[in-house]
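We begin with a single chain expressed as structure tokens, specifically the form predicted alone.
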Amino acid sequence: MDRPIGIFDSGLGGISVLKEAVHLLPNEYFIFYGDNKNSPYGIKTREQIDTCVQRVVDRLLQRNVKVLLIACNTATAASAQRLRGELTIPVIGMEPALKPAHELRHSGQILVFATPATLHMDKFRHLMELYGEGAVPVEGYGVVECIEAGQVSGEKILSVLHSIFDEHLKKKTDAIVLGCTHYPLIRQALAQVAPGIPLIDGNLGTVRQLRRVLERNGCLRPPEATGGYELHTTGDASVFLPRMRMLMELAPVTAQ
């Protein structure tokens, strides 16, 4: 089916998911929206998040997308269930990768690093009931703001991460779950703050689910199709589009 795939995030974080998707599905065409004007979502109320989400979804629906991928843990928790009930196209969301992290646990703690909104919603509480043994929620105050400002390395982001993690890391830690799609963009900084500790995110699992949905619905583009992507922002394009392009270069890829 020669229609695009819509991906959106509260800001720049979804670029980490887009990079995985472009790598795993090179024949598909993606339209990415970053809602940078309203970022961060993680400190907003559920109602505020849902309003922001709907505005971006409306833009993507105008482009006749065949699948909607919510590349944001907070937006998924706030709005995915509603969107699935209202839309006729598949809606794929994110969730903190607590299950795979739980499998790495050997008597130590699992730090679940996410936005305040994600950690306080019912979706996360249910996840904790299933896989939360030894898991400690860690609120990422100030991190998204740094990334949105392009500060993915250097003294500022390291200072913020140390203020968040130093006390937690005094205890044995078996893994850190990156429960926000912004956070894989600062893997190198996190590795400096928490050396040797596995950093687990849900990006690859989500993109594999996207591929399964496309296959199941018979709407993969043919192998000879030329893939690609567009980048859009609700913020200042002169500021955020160059940052998006930079992060597309820097974002890690794990898809095979």
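Treat the numbers as computed from the prediction; the structure is a model and nothing was measured. Residue positions are given as counts along the sequence shown, with the first one as 1.
What comes next is about the form predicted in complex with D-glutamic acid, which is not displayed.
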{"property": "Residue stretch of 120 to 128, 157 to 165, 73 to 81, 100 to 108 approaching D-glutamic acid in the predicted bound form, non-hydrogen atom distance within 4.5 Å", "result": "73 to 81"}
{"property": "Contact label in the predicted bound form: residue 144 to D-glutamic acid, heavy atom within 4.5 Å", "result": "yes"}
{"property": "Contact of residue 34 with D-glutamic acid in the predicted bound form (heavy atom, 4.5 Å)", "result": "no"}
{"property": "Proximity of residue 180 to D-glutamic acid in the predicted bound form, heavy atoms at 4.5 Å", "result": "yes"}
{"property": "Heavy atom within 4.5 Å of D-glutamic acid in the predicted bound form - qualifying residues of 33 to 50", "result": "39, 40, 41, 42"}
